[in-house]
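This document opens with one chain alone, in structure tokens, the form predicted on its own.
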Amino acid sequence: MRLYLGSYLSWYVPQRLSRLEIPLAGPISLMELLAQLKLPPAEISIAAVNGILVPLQDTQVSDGDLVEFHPPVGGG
């Protein structure tokens, strides 16, 4: 599985990389993936799998998928 962490989310992974390759033995839920990576779900505003917006709950991914997480965006 390919993972893209938008903006500052890469700060949560030890390598501080925004693009990671994560081998998966089988399907995994996005919530399980967040727990494994120690990424707080509250920091994820947008999740996409293979370019399609998905909810964090009830979404599973498999090896070969492209997963993108993006944090909330502020402005002003």
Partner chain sequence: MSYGTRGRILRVDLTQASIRIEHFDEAFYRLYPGGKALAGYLLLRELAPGTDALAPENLLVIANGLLTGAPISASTRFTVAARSPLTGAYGESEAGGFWGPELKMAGFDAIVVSGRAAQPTYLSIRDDNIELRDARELWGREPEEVQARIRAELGDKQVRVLQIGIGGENLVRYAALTNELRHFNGRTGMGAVMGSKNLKAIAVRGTGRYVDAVHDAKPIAALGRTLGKRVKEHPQAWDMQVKGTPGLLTVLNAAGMLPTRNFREGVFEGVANLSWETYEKDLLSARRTCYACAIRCKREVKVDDRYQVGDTYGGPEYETVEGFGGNCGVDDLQAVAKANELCNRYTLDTISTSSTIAFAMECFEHGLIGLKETGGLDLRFGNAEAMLKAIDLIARRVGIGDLLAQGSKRAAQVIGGDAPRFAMQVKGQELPMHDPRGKVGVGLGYAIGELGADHLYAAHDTMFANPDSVAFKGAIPLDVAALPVRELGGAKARNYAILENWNSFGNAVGFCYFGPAPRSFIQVDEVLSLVRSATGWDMELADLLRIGERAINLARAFNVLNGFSRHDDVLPERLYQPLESGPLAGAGISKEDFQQTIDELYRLKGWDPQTTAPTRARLRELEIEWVADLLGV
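Positions refer to the first chain, counted from 1. Remember, it's a predicted structure, so these values are computed and weren't measured experimentally.
What follows is about the form predicted together with the partner chain, which we do not show.
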| query | finding |
| --- | --- |
| Interface membership of S62, the partner chain in the predicted bound form, 4.5 Å heavy atom rule | no |
| Exercise: Q57 in contact with the partner chain in the predicted bound form, heavy atom 4.5 Å | no |
| is_contact(M31, the partner chain) in the predicted bound form, heavy atom dist at most 4.5 Å | no |
| Interface membership of I46, the partner chain in the predicted bound form, 4.5 Å heavy atom rule | yes |
| Contacts with the partner chain in the predicted bound form, stretch 1 to 38 (heavy atom within 4.5 Å) | Y4, L5, G6, S7, Y8, S10, W11, Y12, R16, S18, R19 |
